[in-house]
Ligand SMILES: NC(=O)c1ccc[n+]([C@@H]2O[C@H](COP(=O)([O-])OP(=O)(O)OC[C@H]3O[C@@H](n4cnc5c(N)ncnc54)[C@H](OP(=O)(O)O)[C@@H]3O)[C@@H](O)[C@H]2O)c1
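Read the single chain below, which is given as structure tokens and is the form predicted on its own.
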Amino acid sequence: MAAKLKAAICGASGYAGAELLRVLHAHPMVEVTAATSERSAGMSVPEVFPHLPGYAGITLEQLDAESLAGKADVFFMALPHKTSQPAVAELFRKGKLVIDLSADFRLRDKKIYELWYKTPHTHPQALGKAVYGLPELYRSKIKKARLVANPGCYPTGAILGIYPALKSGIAVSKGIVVDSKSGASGAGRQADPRYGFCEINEDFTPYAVASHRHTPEIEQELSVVAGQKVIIDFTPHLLPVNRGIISTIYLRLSEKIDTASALSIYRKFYKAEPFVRVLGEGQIPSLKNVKGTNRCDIGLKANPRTGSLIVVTAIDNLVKGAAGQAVQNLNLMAGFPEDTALATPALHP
């Protein structure tokens, strides 16, 4: 039996880090050998996350890329933006496989990154080598990559919902509206009163209107698909649920087309994709049906009265929107079957 691939999770005490630990525990070809946390260093994983008793032998440590490099072959970086840059660059320089879950290596143009994230990008050489980690668009590049920039949660649902319509030409690239709603875990595991139970319970509110940092990421990838610069209206909302993102997308049709024909186009694009499910006519995605899965569910309806195509996507923001997609990328990079450790049913109800 071949030796298992050794993995380290940097930022393991956050929601995405915890989800990585959960998913990788079921991976037959990967062994987690190290995990870091600045706020919980010195504690074992089960002390921080009692639902993960299988990691009793892993003690969380502070991040030191130099000493950590010898402990693993692949590194999952579940760190805040800016914090991730130097560690990713150092581990990449040392020849390690790196999957970065922060925003630091997603935007190819460092000036756009600096504009939206209000901080310098100090490692442009590594940025130039990063591959955007959306397998449905970049599978062949991911297989050859050593540094993968795992997509944001909102962009994953938005891009997958829009891609077939732009690529096939049934929709135009102007006037795209993305209206998304996320569970509270999307904000991270932080002590911020805005995300406390009493603040979000029995409420529903938009935030970062016309200014959310995932906007340029969505526009970057749609511009590649469309072959021209794409600008969108993107509005996120905070739902009083733990996890999940549902996005309602409005596209202007370039031709008269009915719902059945549009669904046929989407099914053709995603027929070989293990983690995209195009629903039947009259079916609309729901958060509970993707909870805990690495799947993106897509439903749509053509509206002849307005000449628009309405596309709805649903993902689990912690799985397909973060940790699950990161493991999917690892499987591609390491040559494992793509669905390894990810072929799980929804957590229902």
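Here the structure is a predicted model, which means the values were calculated and not measured. Residues carry their position along the shown sequence, with the first being 1.
The protein also exists as the form predicted together with this ligand; that form is not presented, and the subsequent description refers to it.
S.K.: Which residue among 206, 175, 240, 188 has a heavy atom within 4.5 angstroms of this ligand in the model of the complex?
M.R.: Looking at the other structure, the residue within range turns out to be 188.
S.K.: Taking 4.5 Å between heavy atoms as the contact cutoff, choose which of 63, 34, 29, 43 touches this ligand in the model of the complex.
M.R.: The option sitting close enough to the partner is 63.
S.K.: Based on heavy atom distances of at most 4.5 Å to this ligand in the model of the complex, which listed stretch, 230 to 238, 254 to 262, 158 to 166, 80 to 88, is the contact stretch?
M.R.: Contact criterion met by 80 to 88 only.
S.K.: Is it the case that 101, 318 and 321 all touch this ligand in the model of the complex, with a non-hydrogen atom of each within 4.5 angstroms?
M.R.: Checking in the model of the complex: 101, 318 and 321 are all within 4.5 Å of this ligand.
S.K.: According to a 4.5 angstroms non-hydrogen atom cut-off, is residue 281 in contact with this ligand in the model of the complex?
M.R.: Although this ligand is absent here, residue 281 would stay clear of it in the model of the complex, with no heavy atoms inside 4.5 Å.
S.K.: Considering non-hydrogen atoms and a 4.5 Å limit, does this ligand approach residue 331 in the model of the complex?
M.R.: No, residue 331 is distant from the partner.
S.K.: Do residue 47 and this ligand share at least one heavy atom pair within 4.5 Å in the model of the complex?
M.R.: Result no; residue 47 lies far from this ligand in the model of the complex.
S.K.: Find out whether any non-hydrogen atom of residue 153 is located within 4.5 angstroms of this ligand in the model of the complex, and reply yes or no.
M.R.: Yes - in the model of the complex, heavy atoms of residue 153 and this ligand come within 4.5 Å of each other.
S.K.: Is any part of 7 to 29 within 4.5 angstroms of this ligand in the model of the complex by a non-hydrogen atom, and which residues would that be?
M.R.: In sequence order, 11, 12, 13, 14, 15, 16, 17 come within 4.5 Å of the partner.
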